[in-house]
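A single chain comes next, written as structure tokens; it is the form predicted alone.
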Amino acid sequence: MKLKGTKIVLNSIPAGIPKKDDFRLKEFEVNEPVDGQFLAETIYLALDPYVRVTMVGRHFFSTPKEGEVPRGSTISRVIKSRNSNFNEGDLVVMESGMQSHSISDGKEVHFVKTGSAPVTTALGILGMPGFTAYSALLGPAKLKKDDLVLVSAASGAVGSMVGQIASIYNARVIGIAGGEEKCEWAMNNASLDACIDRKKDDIDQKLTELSQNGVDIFFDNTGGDIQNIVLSKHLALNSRVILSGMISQYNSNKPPSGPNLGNICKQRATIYGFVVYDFEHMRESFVKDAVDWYEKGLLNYTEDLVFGIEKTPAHFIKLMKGENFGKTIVQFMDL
């Protein structure tokens, strides 16, 4: 008797913020791996904002059609293997999508290496979000001591690691977050020197007070009005801008009007369109450094976790409304 699996498929392509009716739960027969492949069962699924952009074809990843499974990184357990590099019982981070089982040829699959940290951190501070912060700051942002770093979405999985890594390297950090609770958490856990509440503070005024000479590194996870304010008025001479995420645009069907870039020339700033997959050569050093920082008590994190594959659509919608707090994860089964 063939193994049965469960998957989330697109019922319709979302318009604006996704709705529950855009998804449906579906049972499927799980295939057997052939030579060179392994079969894995999903334990934890990470939900990331970029997945929303793939649904409307504005991402370099393929666009899922109606009836297909949306993307999603997972921590999975190998249950059958015909690949000599992977054994039954191995825990791996892979691209399984929103489904209970998947088959892989082992490419772009990484073993879970979290030291004494919980395995879920392989999807957060010790996974892609942490690697994004690390490789961007130490790569194109050229982080150095005493830099003033500004990070948007500062309480999120990427933003909170930007703050903590910058602090470890003796830089100063200003964060922007949505709401008093998120700002308070980021101040206490993400090593910020200050946090601007985008829901109630005048961002322009606060940045004028906190960065009189402008910011040296702007790590942008949001785009939108925050980006326009920073690029037009609050960059230091020879500053570096990392465009990491544009969550303000992800639920929109059309791109926004562009910012005024005159200040970029004036301040000799560099804008870098950042994609973490271009920095695989830094992964080994990231894992070594990040696990070491965690063991020394230098890294904090929070997770927004629910149990059950059927909770995936609602949890994804919550993320796309900006109502999540920390790394958004769905647990499919007990470890």
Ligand SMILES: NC(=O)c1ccc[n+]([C@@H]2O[C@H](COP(=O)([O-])OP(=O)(O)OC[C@H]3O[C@@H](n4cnc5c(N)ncnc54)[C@H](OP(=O)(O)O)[C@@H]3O)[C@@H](O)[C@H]2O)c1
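Quantities reported herein were computed from a predicted structural model and do not represent experimental measurements. One-based numbering along the sequence shown.
From this point on, the text means the form predicted together with the ligand, which you will not see here.
- Within 4.5 Å of any heavy atom of the ligand in the predicted complex lies no heavy atom of residue 101.
- Using a 4.5 angstroms limit between non-hydrogen atoms, residue 34 is distant from the ligand in the predicted complex.
- Proximity of residue 274 to the ligand in the predicted complex: non-hydrogen atoms within 4.5 Å are present.
- For the chain shown alone, residue 198 is a contact residue for the ligand in the predicted complex, at least one non-hydrogen atom being within 4.5 angstroms.
- Residue in contact with the ligand in the predicted complex (any heavy atom within 4.5 Å), chosen from 191, 96, 221, 120: 221.
- This chain is displayed alone, yet in the predicted complex one of 164, 74, 132, 239 has a heavy atom within 4.5 Å of the ligand; that residue is 132.
- For a residue to qualify, one of its non-hydrogen atoms must sit within 4.5 Å of the ligand in the predicted complex; all three of 128, 319 and 326 qualify.
- The stretch in contact with the ligand in the predicted complex, judged by heavy atoms within 4.5 Å, is 150-158, chosen from 210-218, 102-110, 80-88, 150-158.
- Residues are counted as partner-facing when one of their heavy atoms sits within 4.5 Å of the ligand in the predicted complex; in 174-199 these are 177, 178, 182, 198, in sequence order.
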